[in-house]
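One chain is shown next in C-alpha cells, namely the form predicted on its own.
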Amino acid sequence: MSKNASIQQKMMKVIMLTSGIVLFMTCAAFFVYEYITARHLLKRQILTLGEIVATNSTAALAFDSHEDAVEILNALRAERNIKAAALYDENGELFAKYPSNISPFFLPKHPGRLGYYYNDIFLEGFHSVVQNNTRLGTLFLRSDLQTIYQRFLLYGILATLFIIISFIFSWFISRRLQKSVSKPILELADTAKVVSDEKNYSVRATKHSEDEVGALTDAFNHMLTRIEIQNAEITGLNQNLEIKVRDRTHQLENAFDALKKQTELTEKILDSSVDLIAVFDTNLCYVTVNKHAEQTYNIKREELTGRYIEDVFPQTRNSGMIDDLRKAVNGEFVRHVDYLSGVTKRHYENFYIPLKDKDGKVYRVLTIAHDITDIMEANEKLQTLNTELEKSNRELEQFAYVASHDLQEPLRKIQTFSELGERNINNEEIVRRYLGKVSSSAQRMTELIKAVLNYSRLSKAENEFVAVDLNTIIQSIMVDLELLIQEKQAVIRHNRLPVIYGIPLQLHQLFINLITNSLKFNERVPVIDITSREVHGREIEGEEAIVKDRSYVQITFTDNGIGFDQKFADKVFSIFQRLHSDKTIAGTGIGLAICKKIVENHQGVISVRSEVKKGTTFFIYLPMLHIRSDQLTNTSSTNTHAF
C-alpha cells in the first residue's frame, strides 16, 4: 500500500484486502476439506472394490484357475480409474494381472504390506484373499487420482466466479461507506495544517458526529488548549534551564570520572584471569570480554561489543549455550559441567552468573569458562584403561574357569591312571592300557594349553592391517585341509570374495576354524557355501557394536551339518563351550571363541543361525573401511571345490 495514497484509497484497499483475505481463507478451507474428503472417499471406494474382487477371486486361487482369475480382473474395466491390478498366490508369486498387456516390471514383484496408500500419482495397496480363515493369496490394486483432479477443477471454477462477484460487490459498497469516515478526517487534517503553518493555537476543528472521529476531533481541540497553556509555562522555565544544565553537567563529569576509574579496575581484574570471561546484556549481545578471550578467539573486544552472540559465533546456535544464557537472564545461576566449544574444539566448565540491580532485576550476565580439556582427556584415557582392564578381568575369569575345570580334568585322569598303574605294576597289559590313557590325557591338556595361548595372543594389537585377498585365504585353506576334504568328500563353494584391510594370519585362522567346524560337525557329505555382499550399518539389526553410518561387507558361511538349537546361539562363542556331548568329535571348545575374538579385532561382529539336523549359517560383518569396492561383487560366478 503506497504511503502517498489518500485515505480514501487506503480505506478502499483495506476493505478490499480484508474481503479478499476472508474469501481466500474460506475457499482454502473449503479446498482442504474437499481434498481430505475426496481422498478418503476414493480410498474407501478402492477398499470396497478390493474386498469384492478378493472375495470373487477365492475360487480361482483355490482351484488354481488362471483363466477365472484373469476374467475376474478384466471386470475392472468398468472402473476407469483402475490402472493396474494383480493376483498373487499364497507363495507371493504373480498369478494373474490386469490389463493383460501390462508388463510385470510395472507391478510389485511380491506382495507388500496390507492396506492402501497414496504415493505421488496413484492410490495403490494390497488386500488379502481369504477363504474360511485361510489366506489363499493377495490382491493388488492401483488407481489414478483423476476423480480428485476433476472434482478440484470444478470447485476451482466455482470458487473463482464466486470471488470475482464478491469483489465487485465489495468495491461498490466500500466506495460509498468510506466517504462517511474520510471526509471528517480530511477536514481535521486541514485544520491541523492551518495550526502548523500559522502557529495559531486558537483555531478549533468542527465536530460532525459522536463516533470515534468525533472523539478524535475533541482530543485534537483539547490538545490545542493544552499547547497554549504549556507555551506559557515553557517560557517561564527556559529562564532557569541553563543554570540547571550547568550544575547537572558538572555532576555528570564527576560521576563519569569515578565510573571510568571503576571500569578500568574491573577490566584489569578480568584481564588477569586465565579463564575465558564475557559479559552479555539481556539481549545476549556482548558487553565486554577479557584479554584471554580476545587471544583465544583472535578477535578484539571492540569488534564484539554490541553484537549478538550468534552473529559472531554461529556455532553456538545449537550448542545449548544460548539456552543457558537465557536461563541466566531469567535470574537462574547455571553451571554447565562439560561444554564443547565449536570454535576452539576444547572442553570447558561454564558458569552463567546473573548480575542484578538494586531492585533485583537482571541487567547483565557474567560468563566464566574454565578450560577442562586436559582433565577430560585424562578421564577418557582412564575410562579406556578401565574398559580394557574389565575386559582383561573377564578373560582372566574365563581362564580361571578353565584352570579349575577343563585343565584339571586331564590332570585328574593322569593322577588316577598313574595310581592305578602303580597298583598293577606287575600286570604289563593293564599298565600299558593305563599309560595310553595317561598319554591321551596329557595330549588333551597340551591341546587345551595351546588353545588358551592362541586365544590370549589375539588380545595383542601388535599386528598391522594390510590388504588381504580373501580368495587367496580360501585357496590356502583348501591346500591345508586337502586330506580332510578328500576324506569327507566335501564340496566347498564360494563367490568372488572382496579384498579388505585386515590381519592375514587372523583372517586365515577365522576362515579355517569355520570351515573345520563345518567339516567336523557333519553326518553327511559336507556342503559349504561362502558368499559376500555389501550392506549398510542401518540394515544390520540387533547388533550394538555396529556403527549405523558405516558400510560393511557381510560374509556368510552356510553348511548342511548337524546344527544345534538356536537358543544356544549366544553360548557357542564362549570359551571352552561345547554344545555336543559326542566325545568322538575332537575339539577344545575354543575355536568359535577365537573366531569372535578375531572379528572383534577387526571392529566387526559375528552371529549364527542354526537348526538341529538342518545346518548352520555364520554371519560375519567387517567394516568397509579401505575395502576396494571394485573387488566386492555380487556376480553369479561361483568357485566350487570338491574331492
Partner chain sequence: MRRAWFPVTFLLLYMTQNLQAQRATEYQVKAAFILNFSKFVEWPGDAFARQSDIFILGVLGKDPFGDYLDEIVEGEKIEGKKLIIQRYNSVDDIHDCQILFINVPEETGAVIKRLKGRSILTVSDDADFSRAGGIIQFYKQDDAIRLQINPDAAKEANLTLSSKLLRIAKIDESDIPDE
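Worth saying up front: this structure is predicted, and the values here are computed from it rather than measured. Positions refer to the first chain, counted from 1.
Below, we refer to the form predicted together with the partner chain, which is not included among the displayed structures.
Here the marked residues Asp64, Glu67 and Leu136 all reach the partner chain in the predicted complex, each with a heavy atom within 4.5 angstroms. For the candidate set Thr26, Ser574, Thr617, Asn56, a heavy atom within 4.5 Å of the partner chain in the predicted complex is found for exactly one residue, namely Asn56.
Think of it this way: in the predicted complex, the partner chain has a heavy atom of just one of Ser128, Thr344, Asn221, Gln131 within 4.5 Å, and the residue is Gln131.
Exactly one of the stretches 42-50, 56-64, 595-603, 28-36 approaches the partner chain in the predicted complex with heavy atoms within 4.5 Å, and it is 56-64.
Contact check for Ala278: no non-hydrogen atom falls within 4.5 Å of the partner chain in the predicted complex. The partner chain in the predicted complex is not approached by Ile562, whose heavy atoms all lie more than 4.5 angstroms from it. Residue contact check for Ile72: one or more of its heavy atoms lie within 4.5 Å of the partner chain in the predicted complex.
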